[in-house]
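The data below hold one chain only, encoded as structure tokens and taken in the form predicted alone.
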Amino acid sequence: MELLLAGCSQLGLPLSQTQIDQFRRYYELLAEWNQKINLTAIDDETGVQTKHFLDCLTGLPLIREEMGGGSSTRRLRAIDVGAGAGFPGLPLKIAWPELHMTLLDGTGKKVRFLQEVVTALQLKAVQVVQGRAEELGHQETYREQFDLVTARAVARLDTLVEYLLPFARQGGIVVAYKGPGAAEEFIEARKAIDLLGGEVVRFAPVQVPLLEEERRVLLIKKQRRTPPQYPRGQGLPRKQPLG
């Protein structure tokens, strides 16, 4: 995990030995499971450390800054929508153990992988849930209950914000990790962000340590309650984006 350690040092995110061991075990399980089910196209140790772990952690300083430095005395609830192989939710949880994290994915095999990782890493205050954002976003248990809502490599922004904003409480933060093409997506999503009760507080280019690829992190603050008809069902967020 030398690359991860070097990158985290650049980001100002010191890792304990326990956290290093957790990232190492996470990588081992990812590589093992990836031979059985399609979790990621990147499963070599170098690629996982840089293009997955560090890519996810690059957003953490911005997130903590926007959320008051992570110094809140109350429980901070986070949900990673479309968690897949656990990115960005699991790296964020490992690096910020105080988060109460929900990992949401619609695919049973991926949910079983996430459950095994959580158990193997002995992570506390993590819930793994199988379901669709369009459905859970209307359930009282989940709707407008989270301080932090994240997603990475799930959908274009004009679709993605309809999945994410209903989960955020008023005053909460929605974070979307994006790569090339993010500026065009952002323009197309501005109407949807406003309609769903959000306000963009940062659309920042970020430099992932040890990578030269373009990355951006979009932070949206939930200012108003999301209208009750959203998210729409039956695949409409993808077929007919609000933007």
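Start at 1 and count along the sequence shown; that's the residue number. Bear in mind the structure is a predicted one, so any value in this text is a computation, not a measurement.
Below: the form predicted in complex with a small molecule, not depicted.
Exercise for the section: Just one of 80-88, 140-148, 168-176, 117-125 has residues with a heavy atom within 4.5 Å of the small molecule in the predicted complex, so point it out. Expected result: Correct option: 80-88.
Exercise for the section: May I ask you to check whether residue 153 falls inside a 4.5 Å heavy atom distance of the small molecule in the predicted complex? Expected result: Residue-level check for residue 153: yes, a contact with the small molecule.
Exercise for the section: Examine residue 112 and determine whether its closest non-hydrogen atom to the small molecule in the predicted complex is within 4.5 angstroms. Expected result: Residue 112 lies outside the contact set for the small molecule.
Handout entry: Interface membership of residue 132, the small molecule in the predicted complex, 4.5 Å heavy atom rule
Key = Yes - in the predicted complex, heavy atoms of residue 132 and the small molecule come within 4.5 Å of each other.
Practice task
Please check if residue 97 has a heavy atom lying within 4.5 Å of any heavy atom of the small molecule in the predicted complex.
Solution key: Contact check for residue 97: no, nothing within 4.5 Å of the small molecule in the predicted complex.
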